[in-house]
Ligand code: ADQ
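Consider the single chain below, provided in structure tokens and representing the form predicted on its own.
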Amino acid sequence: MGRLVAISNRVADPRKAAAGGLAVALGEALNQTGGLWFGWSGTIVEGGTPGEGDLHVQQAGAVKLATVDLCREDHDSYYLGYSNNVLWPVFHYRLDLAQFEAGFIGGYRRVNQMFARKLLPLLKDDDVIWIHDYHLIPLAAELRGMGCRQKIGFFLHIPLPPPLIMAAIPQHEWLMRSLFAYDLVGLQSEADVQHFSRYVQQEAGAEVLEDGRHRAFGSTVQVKAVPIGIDVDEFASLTHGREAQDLYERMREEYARRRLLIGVDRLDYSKGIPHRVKAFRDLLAHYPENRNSATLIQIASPTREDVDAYGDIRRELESLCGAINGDYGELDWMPVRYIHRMVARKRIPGLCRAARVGLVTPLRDGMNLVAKEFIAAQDPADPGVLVLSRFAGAAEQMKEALLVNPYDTHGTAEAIQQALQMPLDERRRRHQALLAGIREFDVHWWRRTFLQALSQAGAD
């Protein structure tokens, strides 16, 4: 394989891979090939020229990092506008939250064109290019238009919606057509692949060939489910680190007479946190033996707070938690502990290990790696139980979890009760099977599988 060129909205230093995310997944391959990682610098230039931004290049060990600044107008239309107020809500099935303002798509296309212009002179003939996520869907088409002939793959980290929901996006045909500039498109689940195939057949009369290849718009693209995983050993090692151990011991001591349930999420409307809190209230109402016994710790770290919908969900969540604590709390017991701030990643495994139940109940999620991290953190001799939304991509792989419909709050409450009452033998059996699965299909498998498939994919 030639040099790996990774492109994502934000760039990370692979020397700090323990911070998680794409750096863990890509760091090894980038280091091995002396790779290049390209994306937005995170800098917003007030009063800058739309479609223009300074390029910054630095060396991080064997890896070259190249980043581009965005002017305020480009940031607001490309990132806040089209990426996070159109694509994010629609791809998570929330048409009611999408803002289809005409100017957004212009900024989205303009920034992708600028990225292509800035990237092209940095490329080598034998590079293998891997583009990530919804911010950069049209980037390959822009590169192809400028003469780029290298292998280009794309991975969508969020779900791909069904055809009728996709069709609600103005100029959805242009967006989906741009995927045919790739040699390989990787999606999180088989359901996402089915949605892609149905869309291109219904809207573009695509011909479906073997090996997941689809022909339309005069091009052929291979589409494949390659679910992302975690670095199990890395996360397990964090579980035994000092910070995680300290938190675990404190939780066990403080909650010696309680059973802990935990939720660890970004504060995002896709995560179903209010539905989860309502299910916990239902648990206390219908299974009163859990009063003064079960405690929900819900971490909802801040995210995209300049988008109106996030202020709404924060206010709703604070109201719900306050009402439950007011109705059911005792002087020595608070049913819900709600934390709206970042908790250091090194401490999260200790919290997971102390919990009897992990609640991962998004309304829709591309994968949800918290589900896999919860399993990796457990004590195999006395593991907690994972309650997982059937609408998370992880549910396709993690069938030994207790799968729930998060919209059904009473059904979710019953699953939580089942988890709290589950015998040790069953907990061990479920955990053993789940752990084997996340080990087999870990983040290194994901990277190897995608890059191998990309190397074998042929441009039409």
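Just so it is clear, the structure is predicted and the values come from calculations on it, not from any experiment. Quick note: we count residues from 1 along the sequence shown, nothing fancier.
Unshown form predicted together with this ligand; subsequent notes refer to it.
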>> So, D265 and this ligand: in the predicted complex, are they within 4.5 Å at any heavy atom pair?
In response: yes
> So in the predicted complex, does W88 come within 4.5 Å of this ligand, heavy atom to heavy atom?
Replying inline: yes
> Applying a 4.5 Å heavy atom distance criterion, does S301 contact this ligand in the predicted complex?
Replying inline: yes
>> in the predicted complex, is there a heavy atom of this ligand that lies within 4.5 Å of any heavy atom of H214, even though the partner is absent here?
In response: no
>> Within 4.5 Å, heavy atoms only, which of L187, M367, L386, A377 is in contact with this ligand in the predicted complex?
In response: M367
> Which listed residue (V128, I105, I158, V232) meets the criterion of a heavy atom within 4.5 Å of this ligand in the predicted complex?
Replying inline: I158
> For the spot marked by I228, K271 and R345, is every residue within 4.5 Å of this ligand in the predicted complex through some heavy atom?
Replying inline: yes
>> Looking at 336 to 344, 198 to 206, 177 to 185, 254 to 262, which stretch has residues with any non-hydrogen atom within 4.5 Å of this ligand in the predicted complex?
In response: 336 to 344
> Which residues, if any, of 371 to 396 lie within 4.5 Å of this ligand in the predicted complex when only heavy atoms count?
Replying inline: E373
